[in-house]
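Form predicted alone, single chain, as structure tokens, below.
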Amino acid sequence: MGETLGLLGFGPDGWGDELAAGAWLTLRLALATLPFGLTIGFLAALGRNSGSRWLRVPGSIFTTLFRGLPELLTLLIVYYGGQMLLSRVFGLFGEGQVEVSAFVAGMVALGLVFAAYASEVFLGAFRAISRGQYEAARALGLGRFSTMRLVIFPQLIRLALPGLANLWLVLLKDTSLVSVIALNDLLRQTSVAVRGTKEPFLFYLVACLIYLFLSAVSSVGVEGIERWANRGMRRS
């Protein structure tokens, strides 16, 4: 038993360093993907909520496309397709083969999937805000940008936060997909440890506990953000 647990130690005889590095990369990837996905999702929701067909149609196509494709397939297309596209573009200028960073490819692929689902959450929040809010802001002389920043956006965050919190937890777990493009995340480091020690139950159990810990910490953080977002609301 002591020898088995010693495999989780830090140093040359244990795999603790590798698991910690994989968990840190997983967290960094999720945190880097979040603002990218939120921005694209918000812009897609703005387009779909717009009165212009030229904005609604691209937003709907984007959402349908990346919600319909499997996350793993999206990741492979972005990683390998991105390399092919960049190699051809740079080839026009006499450059050689271009290699896409696995971290950047994972961030873009997961961000696009996250954005597609986030746009649905934002769109539902937009439609939950009555048209009277816009009319009242216009009556006060506020422009479109000021109306969005001062009137609509604070309400939008409060309404969309529960759905976005669920998407964050999904994103945290979906980072495990990047192991297929040789990015040393938690799952890949765990798989390497399993092959090296022949202790699959131990290391996969530890990986499960690490993911559960990250999810639990995220839930606590989300609850704090929800309290902040609802600070002006009274209980009925």
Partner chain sequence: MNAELFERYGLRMLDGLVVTVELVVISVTLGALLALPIALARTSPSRLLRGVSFAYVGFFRGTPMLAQLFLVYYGSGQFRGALESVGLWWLFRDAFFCCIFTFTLNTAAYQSEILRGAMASVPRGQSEAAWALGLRGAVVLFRVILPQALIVALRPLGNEVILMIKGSAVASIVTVYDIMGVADLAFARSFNLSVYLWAAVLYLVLVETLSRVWAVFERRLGAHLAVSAARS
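This one's a predicted model, so the numbers in the text were calculated from it and none came from an experiment. Residue numbers count along the first chain shown, from 1.
Keep in mind that the form predicted together with its partner chain is missing from the display, and what follows is about it.
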item: Candidate site Leu25, Leu31 and Trp168: all three near its partner chain in the predicted bound form by heavy atom within 4.5 Å; value: no
item: Partner proximity in the predicted bound form: Tyr80 to its partner chain, non-hydrogen atom cutoff 4.5 Å; value: yes
item: Contact test in the predicted bound form: Asn49 vs its partner chain, heavy atoms, 4.5 Å; value: no
item: Heavy atom of Leu76 within 4.5 Å of its partner chain in the predicted bound form; value: yes
item: Contact flag, Phe66 vs its partner chain in the predicted bound form, heavy atom cut 4.5 Å; value: yes
item: Candidate stretches 68 to 76, 125 to 133, 138 to 146, 152 to 160, one within 4.5 Å of its partner chain in the predicted bound form by heavy atom; value: 68 to 76
item: Residues of stretch 155 to 184 in contact with its partner chain in the predicted bound form (4.5 Å, non-hydrogen atom); value: Lys173, Ser176, Leu177, Ser179, Val180
